[in-house]
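As structure tokens, one chain now follows by itself in the form predicted alone.
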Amino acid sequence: MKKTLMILLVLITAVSVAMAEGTVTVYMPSPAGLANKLAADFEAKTGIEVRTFQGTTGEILARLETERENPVADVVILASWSDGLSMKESGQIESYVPADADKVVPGWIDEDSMLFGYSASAVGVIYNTLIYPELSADWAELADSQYQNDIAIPDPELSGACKDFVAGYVNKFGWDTFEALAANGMVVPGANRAALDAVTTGEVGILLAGVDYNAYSSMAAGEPIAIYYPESGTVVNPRPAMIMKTAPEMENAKLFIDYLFSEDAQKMVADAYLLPGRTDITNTNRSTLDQIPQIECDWDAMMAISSESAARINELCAR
């Protein structure tokens, strides 16, 4: 009996060591604080080391391109559903049915179970309350002369959320509004953080298509800004988590996707001012999904025009 127990202890120890030596490489967009918390909690729960690369959607896609011949990433998370669809279309993504898939917001897992919307953001109008104590203008109304040279937009070639908004808006309403905004002096300061900084510092008074979770976080920190969603609607953008077909650690990648939909992970998502991917987890610190007026998205049509549309924004706003 004693000998049997010793053998069992040796086997258990060996399994524990194997788990501790396991890794999963995850590419994640901001917020960095959320990415770090998710990684630490997953490691604590599984013993699997999480190796992360954090950057904008544009930076993540660029890194994947440089690693095409020598794949590194197991899981990729983007801030753009349309970019995720493009990766799926090019055959880069593995299909999988994650744990708790029945609790996911309808439409936030694609029909082939390759894109998993574990969270979402929306873009809105963020404004400096020291310059504009109140603001509620619709998108097109912001092209009025009273806002001349006082509007910024994030670079949609770097910001996945802005990129999808531009594609969704153009797909439904055309280019007139963006052309008028550009003629009225709209500028592109950079990616999401640089664009938000331009408004919090008062460099410009208004940020069009600003990512909402950044706004709520800054407001909680006491910055003089506010956010609203224009009445004609915005794009709620599920942030797709995807398993790479070339994942070096395929089983650990699946475990990480399961973890993203766990109750603990989803509560971290809500705490980070993002919209949770599960219907049974709700926000108490920001507008909820049903409070946001939405543009009905044709994601396939948006995917087809998203890159071209993002580039055109930069062309229109070039000085």
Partner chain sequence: MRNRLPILLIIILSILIICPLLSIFAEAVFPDGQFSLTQAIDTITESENARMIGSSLLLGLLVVIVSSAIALPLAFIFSRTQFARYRFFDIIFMIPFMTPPYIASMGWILFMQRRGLLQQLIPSAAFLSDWFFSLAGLVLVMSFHVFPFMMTMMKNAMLAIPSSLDEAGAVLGARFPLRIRKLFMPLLTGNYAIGALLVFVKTISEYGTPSTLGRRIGFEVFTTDIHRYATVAPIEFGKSASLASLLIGICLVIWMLQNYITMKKTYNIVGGRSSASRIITLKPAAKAICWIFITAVIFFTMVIPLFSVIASSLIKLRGYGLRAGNFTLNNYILVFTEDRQGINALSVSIFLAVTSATIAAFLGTACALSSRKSRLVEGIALIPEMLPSIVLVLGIMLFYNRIYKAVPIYGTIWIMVLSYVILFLPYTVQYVSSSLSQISGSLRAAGRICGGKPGYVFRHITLPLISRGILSGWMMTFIIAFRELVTPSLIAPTNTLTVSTYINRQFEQGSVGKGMAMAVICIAFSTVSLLILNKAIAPEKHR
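Numbering follows the first chain given and starts at 1. Everything numeric in this text was worked out from a predicted model, so none of it was measured.
Here the subject shifts to the form predicted in complex with the partner chain, a form of this protein not shown in this document.
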Answer key: of Gln294, Thr288, Thr66, Thr279, within 4.5 Å of the partner chain in the predicted bound form (heavy atoms) is Thr66
Can you pick the one in Glu89, Glu231, Glu203, Asp112 that has a heavy atom within 4.5 Å of the partner chain in the predicted bound form? Glu203
Contact with the partner chain in the predicted bound form for Lys172, defined as at least one heavy atom pair within 4.5 Å: yes or no? no
Can Ser309 be called a contact residue for the partner chain in the predicted bound form at 4.5 Å between heavy atoms? no
For Ala99, is any heavy atom within 4.5 Å of the partner chain in the predicted bound form, or not? no
Is there a non-hydrogen atom of Val50 within 4.5 angstroms of a non-hydrogen atom of the partner chain in the predicted bound form? yes
Among Gly58, Leu61 and Glu223, does every residue place a heavy atom within 4.5 Å of the partner chain in the predicted bound form? yes
Sort through 124-132, 103-111, 137-145, 245-253 and report the only stretch with a non-hydrogen atom within 4.5 Å of the partner chain in the predicted bound form. 124-132
Just give me the residues of 231-256, first to last, that have a heavy atom within 4.5 Å of the partner chain in the predicted bound form. none
